[in-house]
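Look below for two forms of one protein chain, each set out as structure tokens: first structure 1, then structure 2.
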Structure 1
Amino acid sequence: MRNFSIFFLVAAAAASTSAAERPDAAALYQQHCAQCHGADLRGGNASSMVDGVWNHGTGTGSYKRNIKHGLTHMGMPAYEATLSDREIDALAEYISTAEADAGAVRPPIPDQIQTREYVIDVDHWVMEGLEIPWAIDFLDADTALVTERPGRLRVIKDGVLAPEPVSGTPEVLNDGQGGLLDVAVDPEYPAEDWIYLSFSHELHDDPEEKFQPAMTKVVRGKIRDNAWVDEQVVFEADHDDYIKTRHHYGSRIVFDPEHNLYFSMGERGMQEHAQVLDRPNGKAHRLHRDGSIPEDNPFADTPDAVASIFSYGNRNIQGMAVHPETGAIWATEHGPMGGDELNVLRAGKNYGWPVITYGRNYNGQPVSDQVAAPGMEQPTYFWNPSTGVCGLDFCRGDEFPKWQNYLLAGSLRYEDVTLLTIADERVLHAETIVKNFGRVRDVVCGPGGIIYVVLNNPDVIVRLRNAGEREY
């Protein structure tokens, strides 16, 4: 009998070895997760896994990251040291399948939300006809321009999406994170009726190559009878600097009070380029609107430097806004895991990527052991865990008087809009005002101070309007 049980144990061990090829996720779940998330996955001490609501990113990629690295500030342990990657993968699949089996559907976008200071009507503004809308800007109170990442510029008039995109806009590389990115209306519109576009531009120099080099490019043009005309190049990188990666293009365009143009370019996945001045990637740039270089640019006279560089060491800026009173350029950039940043950009300053960062690589490995170094700027604020910051604007106008000059910061992964209370250049308070409507691609304080939120998945645009102050 004793021998038999030894045999049995060996057999069981062998079974669990072959099970190591396919971990028993249901058992792992009961052992490690059920006490918080519920034996039936419906929640308990922590959130339900089968209600269609994900606060920290939707999809198995996010679940894996959250299981492996935890959300320790909220009480979700990190399983990096306890479970193997294969076990974590199996758990993420298990959760995802259980959610599908439960028939979970994410709750619809609500008609009203509450914030600390206001009750807000959520106006379902453009609910169909858009594909990956990326950015919005306004010609006037009734007319908006919206980019779609696959390469179309759309017009919305009085809340109605014109069926035909603007014809003749530049060809874009619609691949990876690239495509048609930002749109910005000239600050002197309508006297100067230029429209600015940033996009990923692909070279076609070597037809033999599968992947052609690409880079962020900025042009301006005019819209006449729904056609893009009179195009001029505002910024095109030296073609030797183009890179074959398909991510980290940036890009946002803003104008300072003197009407200079600023745009961002991500480091294109080449971390070390962010630190060198003879490359355009990993930077914010400053130009006259016609593309010429302002004489007082910080590196205008530096030999070999790209003369349009305004700031450097910026990983991938996808939110930019100009402070309504100070005129300072504020920016949010995607960091590695735990290192999304809010910065105030200043001429010639180095924001540190990848030498200093609060984040880790997504595989958990450190990027750098330094969070601070002489000659490198500290972020004004950083997000840990990373929310996937995208879209940034200051509140102004009459709609939300208590929010004057507060910042609105969108996020892709956490699907939220955070309202940041700012005093001088410090963040005093952060409040999530929008949550789980969809991936926030852009958030803009539009004409009259009405807030527009451009979402992906679903690909819609909602407006936030003041429905009265909260009463306490």
Structure 2
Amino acid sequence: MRNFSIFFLVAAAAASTSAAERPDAAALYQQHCAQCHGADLRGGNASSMVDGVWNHGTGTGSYKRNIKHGLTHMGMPAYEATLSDREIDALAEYISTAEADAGAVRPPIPDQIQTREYVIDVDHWVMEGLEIPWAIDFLDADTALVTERPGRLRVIKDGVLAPEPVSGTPEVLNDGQGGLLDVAVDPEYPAEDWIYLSFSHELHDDPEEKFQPAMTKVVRGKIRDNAWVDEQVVFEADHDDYIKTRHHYGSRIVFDPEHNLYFSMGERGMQEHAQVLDRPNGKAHRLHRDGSIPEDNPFADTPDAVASIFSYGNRNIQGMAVHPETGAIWATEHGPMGGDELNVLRAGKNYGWPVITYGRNYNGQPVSDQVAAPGMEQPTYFWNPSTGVCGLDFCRGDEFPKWQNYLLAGSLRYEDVTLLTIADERVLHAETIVKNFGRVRDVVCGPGGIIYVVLNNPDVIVRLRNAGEREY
């Protein structure tokens, strides 16, 4: 009985000490945040924290990063030198609790938005039946193909999602960031009716191991009576190069004006692999559509190099697009914490990861002390903090004539689509045209120039149509 009492005395003392040492989050908020975000968290010089609208990432993890490292481009300083990690954690929890207590919910996707040039109708195109849609491409003006990351290829006809997925598609590793990724229609379709898929491919060499090696793979096949047939391998890495990590697969597929195929492969978390030519990860690759190697590939004759490599030093490209006039390959890639990049990919060029970067590791420590180095390309544009860039396409067609050859860049973390004005491979202006609809997984300028935005959380697809020019 005596020992039992001592136990409770010790536990009570520990709890009392813990409570005494716990940061006063409410006081910290009033001292550091209230001047901008309002004493009641409902906004002032800066936005409300309890209205369900977050411009720079949702959840306590994002709140902690934003408090610690700041949003200096928005006028919010970094507090890593002012507040301890425990104080930052307490502040983030305080904000999350206040948001929950206020009953904050995400606003619904609107029916109309306004940009600097246009009023835009937002069609709620496919609003149910999808699970983590990842990419979209079009067979014709009325028929789209959509991948779902768990491993399904879906058909949308006249805005209606077919109830059954295409049968017989490749088995994918649906784990972490892996699964069924991009879909691309052959540039000579329907004469050449190939469909191309990229996905995370798992080996099963050692069933005793918990994690099997995996890598990004590209195949092509045809769809007959809603079945995947005639599959051919376009790219499969040497199995010795497969890795047991479950992130940074890439992967986007595009075709240049000569109809060569380009696809991206993330460095799979093995950042040093991005700088070596005998590994496929951390690269953009160039192939003929049947998987053969173009003779003029930059490393086709380099001993021990992976012959399909087009560019290297790329961390994790999840957006690729071909300029409608120049044919140049543009790409967006994820940085770590900061340093998301927009690049024009050129044959044989080194884009620097991880030797040079504008980002930091997720623990706040430097990846590198260099942002430039001889022989390494500078980004055309970069985002700091990271927005989680994902999905990229050029505007074309008749729907938005003032936006011809502008870039549409999606983002996961910031949940937006940015319209980038491009001239001479320089970004002249950036305008957010979609915000807080959900995590933007893909953005595509479809038939006629109508813009399609593939979202996660919610798992839907919306369509943007021109409702008229803005009047001033």
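Counting starts at 1 and follows the sequence of structure 1. Rigid core: the largest C-alpha set superposing within 1.5 Å between the two forms. The model shown is predicted, which means the values in this text are computed figures rather than measured ones.
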Return 1 or 2 according to which structure is the form predicted on its own.
2
Superposing on the rigid core, does the Cα of C33 end up 2 Å or more away between structures 1 and 2?
yes
